[in-house]
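First, one chain by itself: the form predicted on its own, in structure tokens.
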């Protein structure tokens, strides 16, 4: 009888501990969710304000309220009557060309460093990593002089920016190489035995298995030039025809223009954010897989 009572008491103690642990976890999770919700609201509020201001029609100047008194699409209509469409096209061309070329270069470099063993391979990898640590600002003056000598500044800044963005693409090999390292080399060897060339191994076997890292590389290559401002302004200054959307819209913030362009600036910000937001939302799964997969091995 005493044994039965002891067993029952132990069971009740374990049940109480389980219930207490479950309650503690519930409280902890609730606090975490509340913190995350508050952080999300704080993070999203500026974007909500920009969207609301882009539909304000009663005034083009900055006002002390958020919700428009008169709603409309006037800002978006006027936006496409300005130089914005030229800036937007320039930005899209730069981002698209860079995304294609940079992805090809990065994937080829990553596959080479992952699968081939050659003299000075490790030294080359270390050298590229070290060079990548230096800020790009250090090279701005010499890059500008080179582009100016080639006639690729101001009105011709678009091809100049493309050239600069893809020039050092191979140095961004490390994430893609880490992903390729997780793919068994036996697949390459089996394909080579069957008579496949190195190019066929890469395009028909490795890349289909490396879809997440391919999409990750495309997204990062596209988003870099899409949002670039510092170097683009340095190269395309003074000429609207060669500006990207960030540089062109920045000029609207001058004191002599902001009064008439503020709501148009907000509308432009919404339009610029749409392509990247849609791409990221549609491809978020592959983006995360590419980052985590590439971080497994180096």
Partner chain sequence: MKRYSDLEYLKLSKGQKFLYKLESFFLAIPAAIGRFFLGIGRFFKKLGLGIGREFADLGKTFKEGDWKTRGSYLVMGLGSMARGQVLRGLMFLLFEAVFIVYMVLPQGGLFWLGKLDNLGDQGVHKVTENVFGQTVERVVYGDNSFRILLYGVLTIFFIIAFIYTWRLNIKQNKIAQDYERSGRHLSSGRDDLRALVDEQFYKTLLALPLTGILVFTVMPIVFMILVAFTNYDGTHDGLNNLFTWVGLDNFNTMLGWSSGGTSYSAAFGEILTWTLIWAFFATFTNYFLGMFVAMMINKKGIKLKKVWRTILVLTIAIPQFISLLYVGKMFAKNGLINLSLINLGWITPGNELPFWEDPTWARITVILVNIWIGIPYLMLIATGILMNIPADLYESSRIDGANAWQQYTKITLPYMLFITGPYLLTSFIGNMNNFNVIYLLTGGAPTNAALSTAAGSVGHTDLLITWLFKITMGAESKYNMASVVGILVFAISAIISLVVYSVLPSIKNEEDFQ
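So that the term is clear: the rigid core is the largest set of C-alpha atoms that superpose within 1.5 Å between two forms. Computed from a prediction, not measured in an experiment: that's the story for all the values here. Residue numbers count along the first chain shown, from 1.
The discussion below concerns the form predicted in complex with the partner chain, not included here.
Checking a candidate spot here: are 23, 93 and 211 all in contact with the partner chain in the predicted complex (at least one heavy atom each within 4.5 Å)?
Spot residues vs the partner chain: no contact at all.
Just give me the single entry in 89, 141, 187, 77 that has a non-hydrogen atom within 4.5 angstroms of the partner chain in the predicted complex.
After the contact test, the surviving option is 141.
Taking 4.5 Å between heavy atoms as the contact cutoff, choose which of 99, 215, 202, 158 touches the partner chain in the predicted complex.
When the partner chain is considered in the predicted complex, the option within 4.5 Å is 202.
Would residue 250 sit within 4.5 Å of the partner chain in the predicted complex, counting heavy atoms only?
Within the cut-off, so yes.
So, in the predicted complex, is residue 124 in contact with the partner chain at a 4.5 angstroms heavy atom limit?
Residue 124: contacts the partner chain in the predicted complex.
Hey, in the predicted complex, is residue 42 touching the partner chain, heavy atoms inside 4.5 Å?
Close contact exists here: in the predicted complex, residue 42 approaches the partner chain to within 4.5 Å, heavy atoms only.
Is residue 32 part of the interface with the partner chain in the predicted complex - any heavy atom within 4.5 Å?
Residue 32: contacts the partner chain in the predicted complex.
Quick one: name the residues from 94 to 132 with any non-hydrogen atom within 4.5 angstroms of the partner chain in the predicted complex.
Read in sequence order, the residues that approach the partner chain (within 4.5 Å, in the predicted complex) are 105, 108, 109, 111, 112, 114, 116, 117, 118, 121, 124, 125, 128, 130, 131.
Would you tell me if residue 34 moves between this form and the one not shown by 2 Å or more at its C-alpha, with the rigid core held superposed?
Comparing the forms between this form and the one not shown, which are aligned on their rigid core, residue 34 does shift its C-alpha by 2 Å or more.
Tell me whether residue 258 is among the residues that move between this form and the one not shown (Cα shift of 2 angstroms or more, core superposed).
Result for residue 258: yes, a 2 Å-plus shift.
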